[in-house]
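What follows is a pair of forms of the same protein chain, given separately as structure tokens and numbered structure 1 and structure 2.
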Structure 1
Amino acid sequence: MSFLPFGGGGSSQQTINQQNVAILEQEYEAVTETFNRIVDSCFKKCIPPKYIEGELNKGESVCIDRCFSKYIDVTTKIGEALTKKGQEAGARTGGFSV
């Protein structure tokens, strides 16, 4: 173990649980993907491509905040609808399918 004062390479004896790593990897990809999608959508909807200034003006800032909030709401709503569908299907067939 690394906190013991002897031997530097203790970690080589430990095994890597690929499943744990894969879960974390998936989570990272999901978070980045969602974030990038929001950035993309809200930029398209809130920032006119004229670029009169480099700053975000008041209207744009307010638009971004609302856009973010709505994007989350839509994600939640659709998630709920899909979950409900899945549960209904699951009740019928005993498995998960949409």
Structure 2
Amino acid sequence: MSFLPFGGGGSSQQTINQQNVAILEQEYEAVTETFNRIVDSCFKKCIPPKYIEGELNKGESVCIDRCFSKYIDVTTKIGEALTKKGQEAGARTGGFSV
């Protein structure tokens, strides 16, 4: 049983499933890379090099929350801007033809 759209079945279905798997793998890698970048960036910004306590203090916790939030907001805005530019370019050229 396939958990991907279009289910399992004939050879054309198998091709579609393989394409979906490849797309999902790329998306997974992109999300993982983004998460790791956020963690690294926010850690460097918010956590001092010498640990004083074993747990995050309130200031560090707030810093990480804000850092993560800003990173997501900026990434979302960039994605929206790129989508808009792509749609405008597609409208000017009459869309994409395959």
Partner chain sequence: MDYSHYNDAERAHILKLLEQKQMRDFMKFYSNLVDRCFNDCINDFTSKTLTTKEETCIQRCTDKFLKHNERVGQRFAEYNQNMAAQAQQNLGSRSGGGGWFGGQ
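The first residue in the sequence of structure 1 is number 1, and each one after it adds one. For the two forms, the rigid core is made up of the largest set of C-alpha atoms that agree within 1.5 Å on superposition. These figures come from a predicted structure and were not determined experimentally.
Undergrad: If only one of the two is the form predicted on its own, which is it?
TA: Structure 2, which is the form predicted on its own, differs in this respect from structure 1.
Undergrad: Rigid core fitted, then: does Leu24 show a CA shift of 2 angstroms or greater between structure 1 and structure 2?
TA: Moves: no, less than 2 Å.
Undergrad: Check the Cα of Leu82 between structure 1 and structure 2 on a core superposition and give its shift in Å.
TA: Reported C-alpha shift between structure 1 and structure 2: 4.1 Å at Leu82.
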